[in-house]
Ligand SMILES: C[S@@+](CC[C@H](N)C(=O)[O-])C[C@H]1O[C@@H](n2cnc3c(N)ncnc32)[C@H](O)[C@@H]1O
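Take a look at this one chain, the form predicted on its own, written out in structure tokens.
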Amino acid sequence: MQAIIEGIQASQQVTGRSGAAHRLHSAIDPEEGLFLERIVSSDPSVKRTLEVGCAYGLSSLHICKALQRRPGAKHTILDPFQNSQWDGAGIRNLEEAGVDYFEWIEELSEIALPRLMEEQEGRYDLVFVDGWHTLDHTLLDCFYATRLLRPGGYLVVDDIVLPPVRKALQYIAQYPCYRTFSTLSGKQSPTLRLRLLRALAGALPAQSRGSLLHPDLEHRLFGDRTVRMLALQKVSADTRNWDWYPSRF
């Protein structure tokens, strides 16, 4: 399995069901793959995993690599566009790697997740969310992931650098049942707009920044690193009251 992962990363392309070669894009990079793999490997109790979004299958390969030889291991994939947009490349890579402990559900997450919850609530050990990245879809995926996870399980979310995903996680991460387990950060490539904002904010007296800039904005302007992936651990059941609302959102 590792040879297949390394081959994809080295060539930066995958082969689809049609036999066509596709340039690698919209995929996790090696550092992100290892981050995900380490979370699964670090906890032997993780056996039942769920992934929202498969694409070319690199995240699936990393998860399944960490799961191999664990009795009862099963990886579930939700990807309605695997055969269309992705030419079946993700499933093909898993089959080529000899993975026989996965199932693929060819449905939208907003359809599949509620049905899974009816049958499998509290029975998953890890859920990886890397689907449609709008604010509402990310919130929906994470809401159902929280219901599907057992206490002690992990919610891992990719692409926190994107504003809608980051905003959704600012909300979800404040659920009382979660604690931050691990984060993956990387250097931020500043846009022209961000460089201009830094220049303008840098002209402010240091003692004035705290009162004039929201802490989140100040971090974006002056922080050297930004979170790319976030892993939360569900430490208890979700027992929020009907009128719960986070202190900051």
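Residues carry their position along the shown sequence, with the first being 1. Predicted model, so just to flag it, every value in this text is computed and none were measured.
Heads up, the form predicted together with the ligand isn't pictured, but that's what we're talking about next.
Shown alone here, residue 108 lies within 4.5 Å of the ligand in the model of the complex, counting heavy atoms only. In the model of the complex, the ligand sits within 4.5 Å of a heavy atom belonging to residue 28.
Contact annotation for residue 153: none of its heavy atoms lies within 4.5 Å of the ligand in the model of the complex. When contacts are judged by a 4.5 Å heavy atom cut-off, residue 124 does not count as touching the ligand in the model of the complex. Looking at 169 to 177, 95 to 103, 144 to 152, 128 to 136, the stretch with residues near the ligand in the model of the complex, meaning non-hydrogen atoms within 4.5 angstroms, turns out to be 128 to 136. For the options 157, 91, 78, 116, the one in contact with the ligand in the model of the complex, meaning a heavy atom within 4.5 Å, is 78.
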